[in-house]
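Starting off, we have a lone chain in the form predicted on its own, written out as structure tokens.
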């Protein structure tokens, strides 16, 4: 394994990220005061410890870490795009993964922070309400906003299914990714633009000057099913990797054994059936895992028929005619 690799895909936790060299001059950030990464598992522990990354994925994860650039992960469903984020956080000890699921209605502000003016107004109208009310109680940082806090180590932010976003969101992210900072207008408009605000996954933190600036740029993992094209300006600021389905039965059988252990015994017929069907339509690896598990426990003589029902085509079968 090359010495420069911090993330190796070994699935064994270590402190290799402490060997990360200083960033390129154009990607250096100086936010503070420095915060520790919250303790705790990455989340999704089973998948993080059973994930088998490709050599290409390992190389590109490290490139994103060294260059302080987002990692755009593309590939068909079931190839482990989201799981890659949890596997990196688990191995490098980067704390819980910050998950930001994207829909067509998602805006940049949703990822940065939320402000609850109605609850604040209601609290101010109560009898004996304090005149110096803490505005930070009504501000909660989103996953992106939390990832950009000045942590000592990079946090891992999973921006899930970016291709489902509104057409403007990728461009809106460019400034944030370049500057590594953002403002909270509700604070900057105050005489004292400082407050303790809630975070997406931990205790309250102090925000001074009405804004947040990162120190260790987060590992931003953006997943895409390839359903749309992204602007060139967005693509050139990302490190890209494409994940593929397992290339052969031996590789797929190894994945099944990683996930199911002894339950994977005598599953060769189902792996073979998966490959037979995948030549006629799109299937995902987790469908095979479900089929193997169910067929191991179900009392049936027709494993093939049961497996076919658990592994329906995701895009419809291809018409050979």
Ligand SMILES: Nc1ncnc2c1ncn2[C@@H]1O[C@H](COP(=O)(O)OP(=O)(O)OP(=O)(O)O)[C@@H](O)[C@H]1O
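Keep in mind that this is a model prediction, so the values were computed, not measured. Numbering follows the first chain given and starts at 1.
Quick note: we don't show the form predicted in complex with the ligand, though the next part is all about it.
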{"query": "Answer option from 193, 202, 93, 78, heavy atom within 4.5 Å of the ligand in the model of the complex", "finding": "78"}
{"query": "Single option in 50, 282, 59, 253 placed near the ligand in the model of the complex, where near means a heavy atom within 4.5 Å", "finding": "50"}
{"query": "Region of this chain that lies against the ligand in the model of the complex, out of 51-59, 269-277, 64-72, 26-34 [heavy atom, 4.5 Å]", "finding": "51-59"}
{"query": "Site check 82, 225 and 286: each within 4.5 Å of the ligand in the model of the complex by heavy atom", "finding": "yes"}
{"query": "Residue contact check: residue 259 to the ligand in the model of the complex, 4.5 Å heavy atom", "finding": "yes"}
{"query": "Residue 186, heavy atom within 4.5 angstroms of the ligand in the model of the complex", "finding": "no"}
{"query": "Distance check, residue 181 to the ligand in the model of the complex, heavy atom within 4.5 Å", "finding": "no"}
{"query": "Heavy atom of residue 242 within 4.5 Å of the ligand in the model of the complex", "finding": "no"}
